[in-house]
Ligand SMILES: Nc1ncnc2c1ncn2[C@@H]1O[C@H](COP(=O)(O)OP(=O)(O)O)[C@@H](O)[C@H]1O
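A lone chain, given as structure tokens: the form predicted alone.
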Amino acid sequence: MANEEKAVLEVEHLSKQYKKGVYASQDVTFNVNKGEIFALIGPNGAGKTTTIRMIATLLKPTEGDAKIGGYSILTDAAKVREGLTYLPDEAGAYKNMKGRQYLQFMSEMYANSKEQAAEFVKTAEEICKLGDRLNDKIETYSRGMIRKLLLARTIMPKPLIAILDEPTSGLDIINALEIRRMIKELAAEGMSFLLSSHNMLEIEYVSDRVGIIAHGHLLETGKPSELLEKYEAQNLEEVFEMVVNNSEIL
């Protein structure tokens, strides 16, 4: 759960303008604390992915800034990338590699030494729980197995914050539950998460706080329980619907 120490991620008035007067994301401000799971939710085209890609230093903001571990995405992008990992929804793995070979390959990109790389691989093996299947080629894996492997790859260097876009997209109930539990366990150990998902049940279950974004603007933030009470809603889907539909922002 979140605590009161300085935020791991600070997003300050972040905006992306693609042409004059047309913003994909505008004046977005929020933070994520140590050990907190923060979910950014919104309809398609709302600005979620644009915001996430700016934070991950993949897009340059038009205005505003974001800091991870105190480092600015504008002036210290290399340092920012040392403190975060990012798993896009469309991410894939090298299918001609074996699972363990893939983890070893990726660990060398994160690690500063062979010893550290070996530790990362060990951590990833524990996280993905694929056992002997790590000796098989990834092309033989189910979608759920690939997603577990990718999540393990994202988390193995123990970043300050892991950014996960649709972490359980397309997975069956069992695999989705396993990944959600994994995220909550890692957060309890102090890792921070920024999630994006269309699955409101998932968001309600796994998140400490939620930000609802539409038309490029962050319209509402709060704990799921607080939002349910505020909007007198039965579930987060109803909150989401009311916030987006009642917005006067065009």
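If you superpose the two forms and keep the largest set of C-alpha atoms that fall within 1.5 Å, you have the rigid core. Model, not experiment: these values are computed from the prediction. Start at 1 and count along the sequence shown; that's the residue number.
Although not depicted, the form predicted in complex with the named molecule is the subject of the following passage.
Using a 4.5 angstroms limit between non-hydrogen atoms, K67 is distant from the named molecule in the predicted bound form.
The named molecule is not drawn, but in the predicted bound form it has no heavy atom within 4.5 Å of L228. A24 belongs to the set of residues with a heavy atom inside 4.5 Å of the named molecule in the predicted bound form.
The named molecule is not shown here, but in the predicted bound form it comes within 4.5 Å of a heavy atom of T50.
In summary, among the residues A46, A39, I183, V32, the only one with a non-hydrogen atom within 4.5 Å of the named molecule in the predicted bound form is A46. Along 63-81, no residue reaches a heavy atom to within 4.5 Å of the named molecule in the predicted bound form. A displacement of less than 2 angstroms separates the C-alpha positions of N235 between the shown form and the other one, with the rigid core held in common.
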